[in-house]
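A single chain, nothing else alongside it, follows as structure tokens in the form predicted on its own.
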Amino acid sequence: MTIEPATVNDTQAIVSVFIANQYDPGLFQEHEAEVKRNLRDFLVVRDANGKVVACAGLHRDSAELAEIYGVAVLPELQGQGIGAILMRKCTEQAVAGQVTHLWLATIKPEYFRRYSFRPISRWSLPTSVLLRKLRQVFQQPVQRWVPVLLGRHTFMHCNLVEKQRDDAGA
């Protein structure tokens, strides 16, 4: 498996990975136009045949803050560590870009705790970030609106400076 930045030729494959995970209530479905608009955010994982089998997005909100989103692996390949590889690569890219804080929203907080993410109040995020996420909620199928708006998602944060210090001491 190889991991690399997505190209315009990967757009449909990324959408296909999201569609394959459409029954995961915590994963926002990204439409083709949205993937194209944010293509530079995405990393893809390719199998030995070059097929895209997973993706993740790293969206920079400011000089110091970025969101990890859209971490998705084809269902038949889940549980093989591909998501972990994507999380590490997103974190490495953030550090290389001098991002000091990562955040995400999830219904699987225990999974993301292993990557040093801790719960935060959604209200601790900048208003511009919350408004962007709210717009994304209304791009989802209607049945996903209520759980998202009523707080089913846990907002989480990772301080990369502390994480690097902790990793160096381990």
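Please read all numbers here as calculations on a predicted model, not as lab measurements. Numbering starts at 1 and runs along the sequence shown.
Beyond the structure shown, there is the form predicted together with a small molecule, which is absent from this document and is the topic of what follows.
Checked against the small molecule in the predicted complex, the candidates Val45, Leu58, Ala105, Val35 yield a single residue with a heavy atom inside 4.5 Å, and that residue is Ala105.
Stretch 109-117 is the contacting one of 122-130, 37-45, 59-67, 109-117, since its residues have non-hydrogen atoms within 4.5 Å of the small molecule in the predicted complex. Although the partner is absent here, Gln80 sits close enough that one of its heavy atoms falls within 4.5 Å of the small molecule in the predicted complex. Within this chain, Val137 is remote from the site of the small molecule in the predicted complex, having no heavy atom within 4.5 Å. Within 4.5 Å of some heavy atom of the small molecule in the predicted complex lies at least one heavy atom of Val71. In the predicted complex, the small molecule lies farther than 4.5 Å from every heavy atom of Thr11.
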